[in-house]
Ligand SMILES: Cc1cc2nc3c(=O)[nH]c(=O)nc-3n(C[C@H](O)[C@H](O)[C@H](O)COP(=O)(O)OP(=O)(O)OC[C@H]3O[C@@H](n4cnc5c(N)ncnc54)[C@H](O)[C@@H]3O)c2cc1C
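Shown below, as structure tokens, is a lone chain in the form predicted on its own; questions about how it binds or moves come after it.
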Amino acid sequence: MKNKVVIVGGGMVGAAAAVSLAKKGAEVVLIEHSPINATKVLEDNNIDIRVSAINRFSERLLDNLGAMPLLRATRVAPYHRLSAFESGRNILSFDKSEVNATHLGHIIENRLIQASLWSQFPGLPITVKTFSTPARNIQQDTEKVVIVYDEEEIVADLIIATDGGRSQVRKLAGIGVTGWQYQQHCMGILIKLEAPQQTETWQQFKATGPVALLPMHAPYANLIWYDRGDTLKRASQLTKPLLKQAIFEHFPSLPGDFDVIESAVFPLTRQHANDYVQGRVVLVGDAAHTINPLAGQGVNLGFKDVAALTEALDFEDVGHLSNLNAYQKRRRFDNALMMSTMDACYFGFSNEIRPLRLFRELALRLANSAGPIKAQVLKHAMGE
């Protein structure tokens, strides 16, 4: 039986892959440069500005991996409605009642998702290793693959790269990427909101880029502000009172008064690996694809990768090429389609040319009243 797997990167997607494969009987070595104390993270009150909109597919995966029950006991915020606005008018909305669901998804802090998965490691065949320097070489043949660090060489049957958009493993495997950096940047703003628990997440589209509210566990919420990089750089340098004033000027009315807690700016990048597989090396999550975060689909796509890879592998030989290629065939098209859809939304809503704007408004009005079609779109977004 050839089932030793090295996973490089212990974030949300890497940790999910480790638990999923270990539960199937693989011997997992997880390499993470910043190991965490899962119990401490789950119990502390430090609020993470980084959040994810977890859809129903990802929720089921986290349930199957034993993580979701822990998350439900911490700071999760189920949302019941998604709305889109332009010029102050509601142009599209989805509600849980349209698909007879209790909720559409959850807004959850990234560090809590990661910790809930790390808390599953005890009792599973998972060994966590950390090295002082990045991997410097990968060597492989048809029977095995070796990842080389200054301190150690690890022989495995499969290497899974979950080390993010700047993946060192992808580089060492010689896998190229295509993509670009968008003109806009994104600012996340953590606020403490004087309002009851919010259950609606919304976006308002503007010529300079959308703004959005993600309702976190009360009293917190996350504001998302897309704009030119220089505009957001100036905003990031404002004092908290002045940033609050900028929010009043740039965002629709919020459901109550608020305090600014923290903010961060990051560039928007679209990137897709030319291949997901090179011999016994496979890419998963952001190492394979980074997507415009407009609809919060990034980590959900990564979790779909994990589920598809686990299903595709033969646990008599986890690195069997035909199974890895089956994973690539299943996931690469789906990811490319979602990336193209997000690009169409990004460019469509960032353009104020009058004929395009009129077509956009007509299309959205039709979509909003399209009954069964609308319900199917919503189910797809939920991962159903």
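Small disclaimer: the values here were computed from a predicted structure and weren't measured. One-based numbering along the sequence shown.
Keep in mind the form predicted in complex with this ligand is missing from the figure; the text below concerns it.
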Query raised in the report: Can Q114 be called a contact residue for this ligand in the model of the complex at 4.5 Å between heavy atoms?
Result: yes
Query raised in the report: Is E27 close enough to touch this ligand in the model of the complex, meaning at least one heavy atom pair within 4.5 Å?
Result: no
Report task. Find out whether any non-hydrogen atom of G285 is located within 4.5 angstroms of this ligand in the model of the complex, and reply yes or no. Result -> yes
Query raised in the report: With the partner left out of view, is F266 within 4.5 angstroms of this ligand in the model of the complex by any non-hydrogen atom?
Result: yes
Query - Location of this ligand contact in the model of the complex, chosen stretch of 62-70, 332-340, 28-36, 319-327 [non-hydrogen atom, 4.5 Å] - result: 28-36
Report task. Check each residue of 1-16 against this ligand in the model of the complex and list those with a heavy atom within 4.5 Å, in sequence order. Result -> V8, G9, G10, G11, M12, V13, G14
